[in-house]
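Just one chain follows, in the form predicted on its own, and it is written as structure tokens.
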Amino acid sequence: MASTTTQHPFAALTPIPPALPTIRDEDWRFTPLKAVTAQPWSVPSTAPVKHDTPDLGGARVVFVNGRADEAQSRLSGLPAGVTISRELAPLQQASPERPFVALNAACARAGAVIRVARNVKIEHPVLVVYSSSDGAAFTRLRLELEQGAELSVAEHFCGTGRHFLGSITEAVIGANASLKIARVVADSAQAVHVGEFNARLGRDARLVLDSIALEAEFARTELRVELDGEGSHCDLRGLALARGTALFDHQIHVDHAKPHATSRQLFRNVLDDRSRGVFSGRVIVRPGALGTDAQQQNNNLLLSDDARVDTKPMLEIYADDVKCSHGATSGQLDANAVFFLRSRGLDEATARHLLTFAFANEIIEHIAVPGVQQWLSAQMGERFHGLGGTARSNEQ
């Protein structure tokens, strides 16, 4: 499988870069890599990068252009039983079929490991900042929660200019442990992201994850969750607000490996101008995973006649006595709802704005990590400025 360019775009970072996927690969069928392969990527500079991030009141881990930034990090004041170390932990999900994982294994130079001991709870979320300005960088984060532990994490991707970031976060959640995590891409309009989150849950463990994409040229997020303990639960939510020619892609893999586990998925795209959204959700119910309860829903709002979405919800069920459902909807704003608001004195642009905000805010208002919801609400005010849509009205 050959790259789409004569010179591999990551040749400057590793001697033998893996072949990149193409639209002939099923998992990349709707996600062309033009933003990745347009020109070769170089090693990023060491210059500092300004970034606007929330202060969540707790520890902070900062990566700048793929390197640890000790000056901007804050690792003191952690409770007993919690450690944050600068480690490049070995990947648990490496596979030759996943080239960006292979690139991370070959190119990552900085990482962190957060460990929470048995029955320890952290009051404030840990903020992990990935700030970039140029070149291509790779980072790695590992979260280890022992039995009964509780941890909240906010991952914030930001920066300036054209750059590439390949990030991998892996979580091991012990029995009765709970992890809440929010991943927010609020970067420059020229940024390119390929990120993965991989989690394995023990008995009665709980994971709540929110993935928010506000700004980038290209952002693909893969969420892989293995419910490896009886009674475990994951709640996955996502929102993408795309404009211009941006492409935002969510790839979801939920593996019900043990009985009586539950999963919930709710992902929404708001697409304006000539942007594209992709959702691919796969739920696998393994043999013997009796009592599985899995729900998956994808809703898409197209504000422009030129916007496009590709959605592919999937169920693979190999056990009896399960309750599983999936569905997807795509469409424009309801003309009757717009008319109703206009009849109450609003102009058309304001009416469309309010309806669009309401559609997206259903995800934002349920973000579980403390402090992130408030910060995102303010960010959405800026992102929604002028996001009224250009679709042709039914009145025309």
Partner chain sequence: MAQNESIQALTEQEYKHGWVTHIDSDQVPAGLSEDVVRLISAKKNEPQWLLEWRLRAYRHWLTMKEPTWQKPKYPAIDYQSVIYYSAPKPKKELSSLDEVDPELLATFEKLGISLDEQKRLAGVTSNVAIDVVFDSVSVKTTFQEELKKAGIIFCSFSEAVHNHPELVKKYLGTVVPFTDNYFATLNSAVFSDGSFCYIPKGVRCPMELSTYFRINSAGTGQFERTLLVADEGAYVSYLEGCTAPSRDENQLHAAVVELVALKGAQIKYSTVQNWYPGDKDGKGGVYNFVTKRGVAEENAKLSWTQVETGSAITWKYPSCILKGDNSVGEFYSVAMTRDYQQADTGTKMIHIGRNTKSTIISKGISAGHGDQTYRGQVKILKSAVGARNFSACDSLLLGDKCGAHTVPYIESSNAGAIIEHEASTSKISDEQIFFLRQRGLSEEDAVNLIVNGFCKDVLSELPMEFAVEAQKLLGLKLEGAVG
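Residue numbers count along the first chain shown, from 1. All values reported here derive from a predicted model rather than from experimental measurement.
Keep in mind the form predicted in complex with its partner chain is missing from the figure; the text below concerns it.
Comment: 322-330 is the region of 252-260, 322-330, 123-131, 167-175 lying near its partner chain in the predicted complex, near meaning a non-hydrogen atom within 4.5 Å. Of the listed positions (E26, D347, D52, E365), a single one reaches within 4.5 angstroms of its partner chain by any non-hydrogen atom in the predicted complex, namely E26. The contact with its partner chain in the predicted complex, taken as any heavy atom within 4.5 Å, belongs to I317 out of I317, L91, V82, C158.
In the predicted complex, its partner chain stays beyond 4.5 Å of every heavy atom belonging to R86.
The closest heavy atom approach of D310 to its partner chain in the predicted complex falls within 4.5 Å. Q147 falls outside the set of residues with a heavy atom inside 4.5 Å of its partner chain in the predicted complex. Interface residue remark: D305 is counted as part of the site for its partner chain in the predicted complex, having a heavy atom within 4.5 Å.
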